[in-house]
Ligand SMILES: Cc1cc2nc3c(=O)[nH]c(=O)nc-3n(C[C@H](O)[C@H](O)[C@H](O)COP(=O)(O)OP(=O)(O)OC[C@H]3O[C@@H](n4cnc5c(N)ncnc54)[C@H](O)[C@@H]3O)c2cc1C
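Okay, so here's just one chain, in C-alpha cells, the form predicted alone.
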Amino acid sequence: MSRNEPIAGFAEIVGAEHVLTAPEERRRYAHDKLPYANFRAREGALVGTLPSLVVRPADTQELRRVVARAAELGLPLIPYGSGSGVLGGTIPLGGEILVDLQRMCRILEIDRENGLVRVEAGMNGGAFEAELNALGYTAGHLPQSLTISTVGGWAACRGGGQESSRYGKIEDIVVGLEAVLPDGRLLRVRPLPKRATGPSIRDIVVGNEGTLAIITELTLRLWALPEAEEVLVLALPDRPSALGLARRIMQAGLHPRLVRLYDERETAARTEGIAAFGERPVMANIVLCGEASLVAAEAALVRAFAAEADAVETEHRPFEEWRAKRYDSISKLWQDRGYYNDTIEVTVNWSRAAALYDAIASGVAAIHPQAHFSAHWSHVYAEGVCQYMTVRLPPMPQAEALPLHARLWQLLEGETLAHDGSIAHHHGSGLFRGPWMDEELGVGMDVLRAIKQAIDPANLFNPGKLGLPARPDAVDPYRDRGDHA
C-alpha cells in the first residue's frame, strides 16, 4: 500500500486541508507535556515517533468514517485533544495516525431543568467554562490546565479539577456520553441519574485514554454559580495538624469549594512577610461557597475545627495570589533554565498520608542531595487525600539526569503502593505509568486486557498506553533512559 492511499482516503472524508502531512506539522503532535519528552526535546530527540498523519474530523460522523477507514487499512489511531497531558498518553510509538478532535468544539445543549450540559469533546476547557459562567453556571471542573485542555480530554484521562472536594472529579460530573468504538460503532450512555443495570459502561469509557473508545460528546452536570463565598487562610503548627483539619472538615460532611494544604517548603514560598507563619509553618487555604446561610454555618464549623488544631487565621494575600495565577504553570520556567522538573500526584488514605510524605522526602534526599522535593494536598475527601508532589533535579548532563529521574519515579510510585495508595489521582496513566499498572490494579489489569482484546482485537486504538500491549513495530520509549521501572 502506498503512503498516498491512506492520505487520499482520509482527505475524502475530512477534506484535504484537514489531513496534515508535512514533517513540521506532524512534529507538533509528536509529544504532549510529558516532562521526560520535554527533556528529550531539549536535545532534539523524540521519545516515540512522528505520527504518520494528522486527521481533523469536524463531527462524529466524520470521525466514525475515519475510524472505519483506519480499521480497513489496519492503521492505528490516537485521539488528540490539545496535548496538555503530562503522562505521554498521545505519544505515537509506531507512526500512528493522530486524530485531532479540536474542530468538534461546541456546546450542543443546556438543559436547565435537569441541570445538564451537552458538549462536544474537542471544546477548549476555558472557552467551555466561560460560556457557562456567562449564563450563570459552572461545570465545577477547573483543572490547572483549564485553558489548554479539552472537555473530552478531561474525561478520557479521568481528570480532577481544583474544586473537586466540592464538585467531584470528572467521573462524578459526567452523566452521559457518546464514543466511537474501534469498529466504528457509536456507543451511547444516556444521561440518567442512577442505574442498576449491571456494571457501569460509562466508567469503562471514562478514563480509557483512547485505548477502548474515542469520546465524541459528553453530558455533564451543571451548578449555579454560588451566591456567597468565604475564604480562610490558616497557619498551622505542622503537617499532621493540617491533614487532621482537612480530614475533620470532610468527615463532618461539609462541602468546601477548595481545601489546599502546603508543606513547609511550599508555605514558605507563598507567605513571606506574614508573621503567623514564623511559628506555624504550614498553610491551609479553605474556601466555602453556596447560599449565604450555608456558607456562614460551614465557616463557623471550620473556625471551630481550626481552633482545635491550634491554627491561626491570617490575611488572604497567599490565596488571592494563587487564585490570580491558578491556571499558570511554572514547569516551563524550570525547564527553560535547564532543570529537570516533574510533578507527580498520588492518593492515599488519611491513616497513611503523613508516613507516605516522610518516606518519600527522605528517599528523594538519598537519591540526590540537591534534588528538590515539596508537596501540597489540594483534593481532599472523606476517606483520604491527593498528595501532589514536585521533584526537581538541578542542571546537569542529560545522560546523568535521566537515570536519576527514573529513580525518582520509582521511589514515588513504589512508596505510594507500599503505603497502599494509588499511583494516580488525576493526571491519568498514559505511557509513563504503564510499568506500575499491574501492581496498581492486580487481577483488575487482566480484566482490562480482556476488555481491550474483545473491543479492539487488532490493537488499533492508542496501543501501548495504560499498561496495555504496544504493537510489534513500536519503538522503546525509554531507550535513552535506562531501566524505567
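Start at 1 with the first residue shown and count on from there. Since the structure is predicted, the reported quantities are computational estimates derived from the model, not experimental observations.
The same protein also has a form predicted in complex with the ligand, omitted here; what follows describes it.
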query: The ligand contact at residue 433 in the model of the complex, heavy atom, 4.5 Å; finding: no
query: Distance check, residue 90 to the ligand in the model of the complex, heavy atom within 4.5 Å; finding: yes
query: Partner proximity in the model of the complex: residue 148 to the ligand, non-hydrogen atom cutoff 4.5 Å; finding: yes
query: Close approach of residue 83 to the ligand in the model of the complex, 4.5 Å, heavy atom; finding: yes
query: Among 278-286, 189-197, 75-83, 409-417, the region lying within 4.5 Å of the ligand in the model of the complex by heavy atom distance; finding: 75-83
query: In the model of the complex, the one of 144, 314, 138, 335 near the ligand [non-hydrogen atom within 4.5 angstroms]; finding: 144
query: One residue of 101, 245, 117, 346 in contact with the ligand, assessed in the model of the complex (non-hydrogen atom, 4.5 angstroms); finding: 101
query: Residues of stretch 151-172 in contact with the ligand in the model of the complex (4.5 Å, non-hydrogen atom); finding: 152, 153, 154, 156, 157, 159, 160
